[in-house]
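Below, in structure tokens: the form predicted on its own, a single chain.
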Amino acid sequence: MHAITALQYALEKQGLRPIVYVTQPRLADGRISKMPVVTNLTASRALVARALGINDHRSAAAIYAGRTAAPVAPVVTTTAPVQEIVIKGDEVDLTALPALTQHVGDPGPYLTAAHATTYDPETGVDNTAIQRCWIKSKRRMTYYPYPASHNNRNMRKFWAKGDDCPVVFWIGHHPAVLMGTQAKLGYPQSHWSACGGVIGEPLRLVRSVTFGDKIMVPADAEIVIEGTVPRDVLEADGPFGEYTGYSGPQVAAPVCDVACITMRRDAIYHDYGSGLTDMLVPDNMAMEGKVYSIAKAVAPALSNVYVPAQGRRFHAYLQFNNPGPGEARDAMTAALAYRRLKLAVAVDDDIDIFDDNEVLFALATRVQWSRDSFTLDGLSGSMLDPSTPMGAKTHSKMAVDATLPLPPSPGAPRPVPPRSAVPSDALEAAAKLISGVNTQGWPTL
């Protein structure tokens, strides 16, 4: 039952992040599925960057921010691989999908890579977000749109009108599209155009079988599940292993009654390892683009942003090139306005923000806490953060300025000792020497 997720944990512990493809996964009832499963598809930052056509994952923040700021409208097609097979009504069977039960305490198999698409009934503008669904029976599953999400807002608007909410869930696509549809947008704002900007070409869409052009779906996805969220119907959902690395509590969640499933003839089921880098990497890279846009607007010296998987979705490292007085603090204050973040660390461009050892070095040697850190209270945050006090509606956040002090006058050196270093030619010779060393024994010279 937990074998595939256990394999991801075992690989992660060894620092290995290959794509995992299982040709004959076992269904929840013990049957062997004819549909294969792919997971760990986005566990590697380098691989995700390559899928976006970015040569170096370290430059993703600025590039992603630039692309989402230049949307490309989608194109509509009638030729859709995702509609090669159409299953309706009583023939629908969610339990035939090889959805995984991932963690101890999870009540059953969940869709973890389902992109839920709804629309604002007032404007017709779509929204897409990855949101979990617990498969309860052949035609019903819970659907948990995070309370602060745009999908939840759309759903509540339908309910306020006395209507059930239309929704589709699409699963599986090129990794660049998966990244594109995780762009962090305002409300209401279409993810289809934002995705086109990220992938650099129009996304191919097709009308959904149940809702027509009210809800479009990616024509080249693997699977689409179409249904409605009945008004004011809530059922128990969870516990569920969240991206925080903790098992979240049981909640009262809406449900989805499924009317139709469409898929490719050779469909592959995509799963995200919840709480693993497989799920964290794509969303964190999208967050980097958003935080970069927010902070760059107030701090021109900002050069890069990194949201490390080790910090879940709560930490961001901001890198600067010769920031002016107060500039790093301005940027961190702006960045912490982004709901998910609760810690921002500012460093100079001599610190590799993708190396935790370097960031810790800056914190250890460039920070006096009373002088270089500050907290902000009463800000919005993730209610999935397990450190949130019971009943709290807002969060406390922290910024740490680990940049070097400014020089006493323009052109003067900064009042700090130089970092220890060895001559570059000696370093090159040393690297050449150790290139042939057996790390399990002594070198042969």
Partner chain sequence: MSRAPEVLRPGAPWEKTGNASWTQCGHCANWFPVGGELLARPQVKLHCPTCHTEFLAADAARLIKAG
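What you are looking at is a predicted structure, and each value in this text was computed from that prediction instead of being measured. Positions refer to the first chain, counted from 1.
Keep in mind that the form predicted together with its partner chain is missing from the display, and what follows is about it.
A.B. asks: Which listed residue (P36, P405, G53, G66) meets the criterion of a heavy atom within 4.5 Å of its partner chain in the predicted bound form?
C.D. replies: Result of the distance check: P405.
A.B. asks: Can you pick the one in P413, G30, G391, G378 that has a heavy atom within 4.5 Å of its partner chain in the predicted bound form?
C.D. replies: It is P413 that has a heavy atom within 4.5 Å of the partner.
A.B. asks: Counting only non-hydrogen atoms, choose the one of 309-317, 367-375, 217-225, 182-190 that falls within 4.5 Å of its partner chain in the predicted bound form.
C.D. replies: Going through the listed ranges, the match is 367-375.
A.B. asks: State yes or no: in the predicted bound form, is some non-hydrogen atom of S420 no more than 4.5 angstroms from a non-hydrogen atom of its partner chain?
C.D. replies: Answer no; every heavy atom of S420 is more than 4.5 Å from its partner chain in the predicted bound form.
A.B. asks: Could you tell me if R329 has a non-hydrogen atom within 4.5 Å of its partner chain in the predicted bound form?
C.D. replies: Although its partner chain is absent here, R329 would touch it in the predicted bound form, with heavy atoms inside 4.5 Å.
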